[in-house]
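In the form predicted on its own, a lone chain appears below as structure tokens.
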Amino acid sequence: MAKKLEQTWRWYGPADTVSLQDIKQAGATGVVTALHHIPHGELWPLEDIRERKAIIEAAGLTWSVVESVPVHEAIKTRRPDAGPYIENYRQSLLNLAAEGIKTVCYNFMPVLDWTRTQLDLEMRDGSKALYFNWNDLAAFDLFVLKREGAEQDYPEDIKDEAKRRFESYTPAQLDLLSTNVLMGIPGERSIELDELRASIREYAAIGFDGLRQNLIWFLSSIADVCEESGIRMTIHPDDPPYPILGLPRIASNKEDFLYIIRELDKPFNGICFCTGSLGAGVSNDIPAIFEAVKERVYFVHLRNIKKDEQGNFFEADHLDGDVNMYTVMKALTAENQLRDQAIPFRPDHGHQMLDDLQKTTAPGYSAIGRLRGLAELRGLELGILGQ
């Protein structure tokens, strides 16, 4: 009997409008969650971990993956005060491992997490999707953030369109654009403009090579804990996978991932393979990237996108986009047969649709769109496995 992937679902905790019962009815068996109420850099107490795990298990599910244990900015920038944050991270990992939760997703994106310019792009069928548009980002960058040297980062056609948009947008539209760009993870705080400006200056001094070195330093600092406790770290790709707002990005393509694996070549140092984030990269060959790093892929996000000639993209239906999901799933299921433990995957994001159009949900994380995605992906997997 062929081995199936582990079907998981992201849950933002007890305050999430999508309940654990909803998740169970969608067909997932594993939950991907984090302690979002704990500020970045602080210790995750064993009691809080046990409480969250008990809630999940009482619903008949398992806590499969932590997404994420956030890496504090002091670590990413390797500030003099980074030491206590490293120690908190190490102890948090030990506490998770003590409860049997050993797959940890994280990212090393400076300041901002994922970035979109619109959260409600209307599709032809009336559903709504997340959208990234370079012209709107440039309008924010050039005329709201007013970043020094920003004009050097955009071609003339984008600068011209950004200026036209800025001059035509109402104050309310500009406020919404700023809110979208600065938005944090649901349940966590968003970034302020002055904070972003200060961070941009700090990262300008660090640069691409410096941030790479800081990542390896961070992983080296937790390596003994991971190896002794069986923790597997999985770095999430940059989203979008290119520098924005003058901030460097170091996990955007095959070369980046091979560097990360090569520089600290230990089994715990793994990859979260996100087809949507990587798929937004114009030159990224998704199957080739998977083939190059598949032995270190410990967690998978399956999402699709459609790009235009300018590189703008929206999040498409899971089986209808620029990413050849059949090819990805075929490679993923083949790799899964070689594993002692099934690879967990989750349907990443989903369109806001049907009843969810009338509800307030975390952007990309309404229930029905993800349920549709999980059903489609499950069917694709079963078809490939011949079951």
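One-based numbering along the sequence shown. Source: prediction; values computed, not measured.
Heads up, the form predicted together with another copy of the chain isn't pictured, but that's what we're talking about next.
No member of the trio Ile86, Trp114 and Asp224 reaches another copy of the chain in the model of the complex with any non-hydrogen atom inside 4.5 Å.
Contact check for Gly311: no non-hydrogen atom falls within 4.5 Å of another copy of the chain in the model of the complex.
Taking the partner from the other structure, another copy of the chain in the model of the complex has a heavy atom within 4.5 Å of a heavy atom of Gly27. Although the partner is absent here, Leu382 sits close enough that one of its heavy atoms falls within 4.5 Å of another copy of the chain in the model of the complex. Contact between Ile38 and another copy of the chain in the model of the complex is not found at the 4.5 Å heavy atom cutoff. The contact residue chosen from Ile55, Ala362, Val328, Leu319 relative to another copy of the chain in the model of the complex is Leu319, the criterion being a non-hydrogen atom within 4.5 angstroms. Think of it this way: in the model of the complex, another copy of the chain has a heavy atom of just one of Gly126, Pro287, Pro267, Gly230 within 4.5 Å, and the residue is Gly126.
In summary, the region of this chain contacting another copy of the chain in the model of the complex, judged by heavy atoms within 4.5 Å and restricted to 62-70, 348-356, 44-52, 331-339, corresponds to 348-356.
Residues Asp355, Leu357, Lys359, Ala367, Ile368, Leu371, Arg372, Ala375, Glu376, Arg378, Gly379, Leu380, Leu382, Gly383, Ile384, Gly386, Gln387 are the ones in 355-387 with at least one heavy atom within 4.5 Å of another copy of the chain in the model of the complex, listed in sequence order.
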